[in-house]
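Only one chain comes next, encoded as structure tokens, the form predicted alone.
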């Protein structure tokens, strides 16, 4: 009798596990249906062209939102709506349910991959620095900034560039958090920082808009890796992420993906040359 009781207990636990897994799956699958009924997906972006941009009339564009808009449309979600967020606040906001997905050049890193579920790669880029013409301090790397005890560098709060500078040994008080690209250019022009760091495409876009011959781009930053982002979803939304990946793969194969991102200066081949698994495992 005791043995039968144990077996019954094991069977009950197994059944409970199956039911729990079934309930998780149902909750997971319901996310896409929720977005269809809602009529739009809520995106977190950074307003950092050409990754993301918000026009004066509120229209959301940029390579990442344009890809997301097309994929969600194919999934039956009519449109996207975006909220501008600092990079450091994006994952907490996603986890808290304030966004449905992050499409903002949020590069894949092991620690981020542990916190969210990424799609396959969408946008890839390298790092750059904006300095005054002639590069008076001779910066080629973040380590160069660290070695110059008077040098300061601007970077987005919570972003990859801030972390790269800190990891290279630049003291916290010499890494200046900059709220947006225009502020970074102005701070550099005014001499409040000695360099401003962003991905190559973002820096080039800022330089084009600034139209200031006294600025110079250093790219790529020596020793800094090439990164790729993906659409980031909340853990528990794996079914939505998987559906997103299916449509993304179709677009990559058909060439439609390239048609969306390459006019912004991104390489479709770069995004297709790697994978989420490789990027999330990279040190």
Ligand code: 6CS
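Keep in mind the model is a prediction, meaning the values are calculated, not measured. Residue numbers count along the first chain shown, from 1.
Absent from the display: the form predicted in complex with this ligand. The rest refers to it.
Within 4.5 Å of this ligand in the predicted bound form, a heavy atom is found for every one of 48, 87 and 104.
Residue in contact with this ligand in the predicted bound form (any heavy atom within 4.5 Å), chosen from 121, 181, 159, 154: 159.
Taking a 4.5 Å heavy atom cutoff to this ligand in the predicted bound form, the contact residue among 175, 77, 198, 131 is 198.
Stretch-level contact check against this ligand in the predicted bound form with heavy atoms at 4.5 Å: of 92-100, 182-190, 198-206, 136-144, the positive one is 198-206.
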